[in-house]
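Below sits a lone chain in structure tokens, taken as the form predicted on its own.
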């Protein structure tokens, strides 16, 4: 039995590659974390010697490993389950020894367990992004923001890039029991874990969190079981807003009565209708009753996003059109036909793409029996933004395509200009490869056949560029 020590994905990947070269079957190798018993291949030297001997004896084939497996393995490597390395290597062995489509068999024991671990890691990363609370500290006249968090898994390196993109102009540190990370406005620096006692004392930022939470708390949607599932009690010690939960719950009946007695109106944001449980099917169901802005009054129905939950590419348009409003599905009208043609031209399967819109209700101006598209204004865009933010948080795509200036301004920034920035991959908090391009309706609306052909060619070129980032 060969014993291999691995703590990170790169260490495991390096060892697995050498094991494959030496034709070592899964039953012949045992992986260990460095915190456990040290093994025969502690420094990798002996493992390399074994691989060299195998290469001298006879050449081994070069194995092609699906990118989907590597993406899965990177997340699973963050899981705390001690058998993750063996299960990953066993799955890798099967993929490279005759079971090329193994990952499609979700009922397989190994695949099912890996997908379960990946989901747990992804959920833990989402909670870290949601529950980290910085406290301000002055050090040598410089502001530094420090947070302490206790994740379930080893996700610091997985989530740290998100915080560097979200807070690029702050000096900050996130401390956890297993590992810590700091950002100096230029680079991420990782260090050992620290206890909760190392975090700073309370500061005035905590009052801001309490005020914010008190404002977004919806007394009509109180569900204690869901609340504690989505905001586990063990995180409460680092969440200042939890100090006021008891008071908010006690005051909820009175606030509900006030809401009922208030004259008919509408909410100020879709945030009032977001469910506590973040899953696509739950979001879709909740969005059906959204009244976050007045657009729901005239629209036939909410048109939520659709596509596989593991889609690697997400396309976001402006809003549903007339036919989408009637069908309840995105991109099924004339603009959808143009998009289908463009996707087909670059070899992207629509069934593998997640399609959605920045605004979920159809805004239009009546003209007799016709309903003419009308661009949503800034307040309507802002009110609907929580839905698309929730979708992207769950999907975590490799590529995000913004179809049109409205979607791009929603997700990239209000200063975005389509004519100047179209076709370029931009790093955003949602995706490192966010690519803006023309909306398919721009092709439809242009009366000049030559100009229309050029716009279509540009849309196809931008989608082809987006496809390159999937590899």
Ligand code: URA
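Numbering follows the first chain given and starts at 1. For clarity, every value in this text was computed on a predicted model and none was experimentally measured.
Unshown form predicted in complex with the ligand; subsequent notes refer to it.
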Q) in the predicted bound form, which of the stretches 274-282, 105-113, 145-153, 312-320 has residues with heavy atoms within 4.5 Å of the ligand? A) 312-320
(Q) With a cut-off of 4.5 Å between heavy atoms, is residue 89 one of the residues that contacts the ligand in the predicted bound form? (A) no
Q | residue 85, heavy atom within 4.5 angstroms of the ligand in the predicted bound form | A | no
Q | Proximity of residue 331 to the ligand in the predicted bound form, heavy atoms at 4.5 Å | A | yes
Q) So, in the predicted bound form, is residue 324 in contact with the ligand at a 4.5 angstroms heavy atom limit? A) yes
Q) Has each of 77, 125 and 157 got a heavy atom lying within 4.5 angstroms of the ligand in the predicted bound form? A) no
Q.
I need to confirm a contact call. Of 335, 343, 121, 399, which residue comes within 4.5 Å of the ligand in the predicted bound form, counting heavy atoms only?
A. 335
